[in-house]
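Okay, so here's just one chain, in structure tokens, the form predicted on its own.
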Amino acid sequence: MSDIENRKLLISIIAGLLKDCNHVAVGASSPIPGAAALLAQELWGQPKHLNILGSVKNNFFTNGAQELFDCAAQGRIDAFFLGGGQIDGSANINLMGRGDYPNNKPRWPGTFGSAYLYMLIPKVILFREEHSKRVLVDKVEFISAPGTSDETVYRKGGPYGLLTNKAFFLFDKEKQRFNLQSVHPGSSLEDILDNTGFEFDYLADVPTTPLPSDEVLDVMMTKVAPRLKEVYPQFAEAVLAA
């Protein structure tokens, strides 16, 4: 698959994960999750409420991240997206950098409320295009946001799954580990095992991720791309309209 085809596949996968959500929020610099949320709206009318930070037309927040945090605390957001420079098998994410804190080299952007949102939003989808042992590590070097918490800790939010450019995993909260659900076309179970730094559960005959239908691709091009252009014009033109 080409990079454009792979990104369209990722958009279609995420859209399917959002069709049971009423309110979805998408952070800054997130064109693929943003496109996916718009696609879900166009295909199923869900999520009914959508906030893409940085957008004007697809965002009813008037006070940016502060309002996002308030809504999360009130239990009014069903799904959100988090990534990380490192993600480990317990769904911990590292947004600070490699090496000993505070002298990380390289130094990444920082946590910016990720731990707060991770604790409050029920369906947090971990998303990182790169699938490598550099990113998917056995144990993160710094925990910006914990994937799991002690049973004495009040927590209604947490990881739902992990999506990369090679595969999709669900997170088993009881086992506190990932379970491989499907492998994208062009990859294989052996490829996933070779490029994942943490252990995970899987079936020997793991399914192949289905490609988006012609109907879904048409909706991406004719309905989603015009809406996404307002906040991500280059991505909409290069990927969705291609």
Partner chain sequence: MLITLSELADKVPDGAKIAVPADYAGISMAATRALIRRRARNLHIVGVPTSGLQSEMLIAAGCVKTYESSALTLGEHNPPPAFNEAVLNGSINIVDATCPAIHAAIQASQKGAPFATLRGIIGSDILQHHPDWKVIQNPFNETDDPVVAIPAIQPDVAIFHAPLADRDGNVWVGRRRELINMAQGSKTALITVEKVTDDNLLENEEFAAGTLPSLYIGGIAHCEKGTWPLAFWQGEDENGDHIRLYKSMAKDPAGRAEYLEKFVFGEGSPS
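Residue numbers count along the first chain shown, from 1. Just so it is clear, the model here is predicted, and its values are computed rather than measured.
Another form exists, predicted in complex with the partner chain; not displayed. Remarks below refer to it.
Asks: Can you tell me if residue 116 lies within 4.5 angstroms of the partner chain in the predicted bound form, counting non-hydrogen atoms only?
Replies: It does: once the partner chain is placed as it appears in the predicted bound form, residue 116 has a heavy atom within 4.5 Å of it.
Asks: I'd like to know whether residue 65 contacts the partner chain in the predicted bound form, with contact meaning heavy atoms within 4.5 angstroms.
Replies: Answer yes; at least one heavy atom of residue 65 falls within 4.5 Å of the partner chain in the predicted bound form.
Asks: Counting only non-hydrogen atoms and a 4.5 angstroms cut-off, does residue 111 reach the partner chain in the predicted bound form?
Replies: Yes - in the predicted bound form, heavy atoms of residue 111 and the partner chain come within 4.5 Å of each other.
Asks: Can you check whether residue 44 is within 4.5 Å of the partner chain in the predicted bound form, heavy atom basis?
Replies: Residue 44 lies outside the contact set for the partner chain.
Asks: Quick check on this chain: which one of 125, 87, 96, 167 has a heavy atom within 4.5 Å of the partner chain in the predicted bound form?
Replies: That would be 96.
Asks: When the partner chain is placed as it is in the predicted bound form, which of 147 to 155, 167 to 175, 79 to 87, 131 to 139 ends up with heavy atoms within 4.5 Å of it?
Replies: Single hit among the candidates: 147 to 155.
Asks: Within 4.5 Å of the partner chain in the predicted bound form, counting any non-hydrogen atom, which residues from 57 to 79 show up?
Replies: Contacting residues: 59, 60, 61, 62, 63, 64, 65, 66, 67, 69, 70, 71, 73, 74, 76.
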